[in-house]
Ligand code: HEM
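Below you will find one chain, with nothing else, as structure tokens; this is the form predicted on its own, and questions on how it binds or moves follow later.
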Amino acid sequence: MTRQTKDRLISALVWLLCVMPLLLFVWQGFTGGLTANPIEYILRELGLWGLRFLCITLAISPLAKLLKMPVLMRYRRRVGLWAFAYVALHLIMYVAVDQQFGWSFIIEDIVKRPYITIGMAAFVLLVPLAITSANRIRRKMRVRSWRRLHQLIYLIAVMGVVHYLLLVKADIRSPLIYGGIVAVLLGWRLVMRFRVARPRPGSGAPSLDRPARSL
């Protein structure tokens, strides 16, 4: 098997794994597995999958370093775009199906319900990240500006956890688990950044003009 063929197979597998939740919804629809309230079930699951893919996106960098598999970084952008896709579908489901384009009720929800306010804000922050993921746009941006913009994913992941936590009123174990995962992934980045910024003995202070490493 040539390397090109292997890369194509891995790429196809990643794509299949990302689209699998949507295929699962279709299967559940045919087998009656969408619960007694399918709209609420799909709405919540789409949001959860958006949060899961955000966590996976954040986990790719540490996994690539710990497993010494830099090839994983090749798929980080794709997984991040799938995170955006699931969050966008979550929003579309809420606006078009759950609220049936009742804009007055939607605006009232955004103003009065903090978890919806935070969710909407997180989606707005995700939009420029998705747009600037295109190679054509990325090439037109300064590297440092692009990196700073895409560091918003850290804030977005935290907002996603808070959105989920405020949504759940009884059993908060699940959002706390996701909160722990996000905390570990962000904590790893802080540790790595501290190690990079700390000057080695005899090396002197780091240059202020040196661009920050991408994590």
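Note that residue numbering begins at 1 and tracks the sequence as displayed. As the structure is a computational prediction, the values presented were derived from the model and not from experiment.
There is also a form predicted together with the named molecule; it is not shown, and the following applies to it.
- Using a 4.5 angstroms limit between non-hydrogen atoms, L43 touches the named molecule in the predicted bound form.
- The named molecule in the predicted bound form comes within 4.5 Å of no heavy atom belonging to L129.
- For the chain shown alone, K68 is not a contact residue for the named molecule in the predicted bound form, no non-hydrogen atom being within 4.5 angstroms.
- Within 4.5 Å of some heavy atom of the named molecule in the predicted bound form lies at least one heavy atom of F123.
- Checked against the named molecule in the predicted bound form, the residues V97, I116, M73, A85 give one hit for a heavy atom within 4.5 Å, which is I116.
- Per the 4.5 Å heavy atom criterion, the named molecule in the predicted bound form is contacted by stretch 165 to 173, the sole one of 182 to 190, 165 to 173, 57 to 65, 143 to 151.
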